[in-house]
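For reference, the chain that follows is the form predicted on its own, supplied as structure tokens.
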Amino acid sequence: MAQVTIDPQDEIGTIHPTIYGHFAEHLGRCIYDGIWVGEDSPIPNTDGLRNDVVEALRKLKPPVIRWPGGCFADDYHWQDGIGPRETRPRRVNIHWGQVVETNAFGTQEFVRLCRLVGAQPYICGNVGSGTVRELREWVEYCNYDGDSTLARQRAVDGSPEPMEVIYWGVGNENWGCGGSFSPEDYCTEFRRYATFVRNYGRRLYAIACGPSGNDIEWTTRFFRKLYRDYRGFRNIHGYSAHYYCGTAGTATEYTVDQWYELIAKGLKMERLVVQQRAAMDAYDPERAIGLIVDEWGTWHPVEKGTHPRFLYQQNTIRDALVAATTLDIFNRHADKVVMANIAQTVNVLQAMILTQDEKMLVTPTGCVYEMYAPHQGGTAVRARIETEAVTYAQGEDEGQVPLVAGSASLKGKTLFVTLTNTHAKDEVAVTIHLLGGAAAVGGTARVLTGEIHAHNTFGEPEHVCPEPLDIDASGPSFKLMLPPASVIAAEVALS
């Protein structure tokens, strides 16, 4: 038995839709075969973009997509990806298998994808091997509405009107593959590059590279340099951390203890959010700079028989619970997190979608994003969860995960509650109590559940998918039965 107490009047903050963002990199089969097949492909497409993938993404409602990387971003020169495709240069992708990058998918194709699925484009610029001028001209190419040479080139390439790209990352993982900088040296480079990320009459959002994982020292040293030496340089709007919870076993082969172990690793995101925001608050108490987690997710060994640098992995109900519990963390800390981008959209790491030639499926993680979409733009409200913990063996030690976790948001008189039952074998009864005179007057719910290794395959693409869940939402308290290994989404009408 677990108790969930919700006060609809105890508001945390607005859940930024961009918390539900995606990330697509030129890595393995994410772009080529996954998103882009070309106009001449027998696979149905719109201007080279796979119709089935576009349609599936529309249902998941991604508010923002980050591109072109990742490590790829800091070796990507954007002018390689414009103009006629037949004349675009062929480059070596030095980070991901040293395969040849054809540049068939560039800025125009990416922005067109975003428009088709209803997402805002988030472009990550090249600091590691690029130049200030290169990033400055990329912004002009995308956004300038005057009669410059770059604006004319954009029109020739297919976009007479400005693309209005708001989000601009100034480098990626600059502590590692993006240039191996110290935080102080990156801060200097960020300031130099960001100076030339100009608005061109439109609001832009410049994002600085934050730490690998919950590295407080990187964050403290970056902001100390920014605020001490540069007197609080202000052309910075976001600050991004990356956290991958890794694996326990493999994507599809794991013990019950490893089931819990990976969920526990995912839950460490909460400590990152709280501690990184606190470190930022020391220099930015008004929170003018938003905390972003623009790469996160599971990272399993690649599937047998696939390229080791293509990072293709299956995706089970365990990945779905990691996604759900992480999104619930972001919701519960809606006052601290302004954007997050799961890695990655198609065929790489914790993907929303997998493809194989003409076949396509939505993974359990993708199902979670579709189920959680109503949270976007809602007001996060406090949900106090009283629950037992599940104990598991981790080597010679023991670990624990909460039996039930979740979050709640409100839009008008509609309360949206998402919950997870982490127990591998047992169902759990949950009683939801509403405070402040609120009472339920009806509701609907869906559940995503299955045996702990359950996943979708191209032979059985809907083996794991959301199904209706019976709910009798009436009065100030009501009960839900959560099946084992499950994610639940409930919409409750309030009086």
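Sequential numbering from 1, following the sequence displayed. Only a predicted model underlies this, so the values are computations on that prediction, with no experimental measurement involved.
From this point on, the text means the form predicted together with alpha-L-arabinofuranose, which you will not see here.
At a distance threshold of 4.5 angstroms between non-hydrogen atoms, Ile353 is out of contact with alpha-L-arabinofuranose in the predicted bound form. Taking the partner from elsewhere, Cys71 is found to have a heavy atom lying within 4.5 Å of alpha-L-arabinofuranose in the predicted bound form. Contact annotation for Glu295: at least one heavy atom lies within 4.5 Å of alpha-L-arabinofuranose in the predicted bound form. Mapping the unseen interface onto this chain, Tyr244 counts among the residues with a heavy atom inside 4.5 Å of alpha-L-arabinofuranose in the predicted bound form. Between 252 to 260, 236 to 244, 270 to 278, 187 to 195, the stretch whose residues reach within 4.5 angstroms of alpha-L-arabinofuranose in the predicted bound form through a non-hydrogen atom is 236 to 244.
Between the options Val417, Leu349, Val337, Ala320, the residue in contact with alpha-L-arabinofuranose in the predicted bound form by a heavy atom within 4.5 angstroms is Leu349.
Of the residues Ile65, Leu27, Ile432, Ile35, just one reaches alpha-L-arabinofuranose in the predicted bound form with a heavy atom at 4.5 Å or closer; this is Leu27.
No member of the trio Asp328, Tyr369 and Ser486 reaches alpha-L-arabinofuranose in the predicted bound form with any non-hydrogen atom inside 4.5 Å.
In the predicted bound form, Glu295, Trp299, Leu311 are the residues of 287 to 319 with at least one heavy atom within 4.5 Å of alpha-L-arabinofuranose, listed from first to last.
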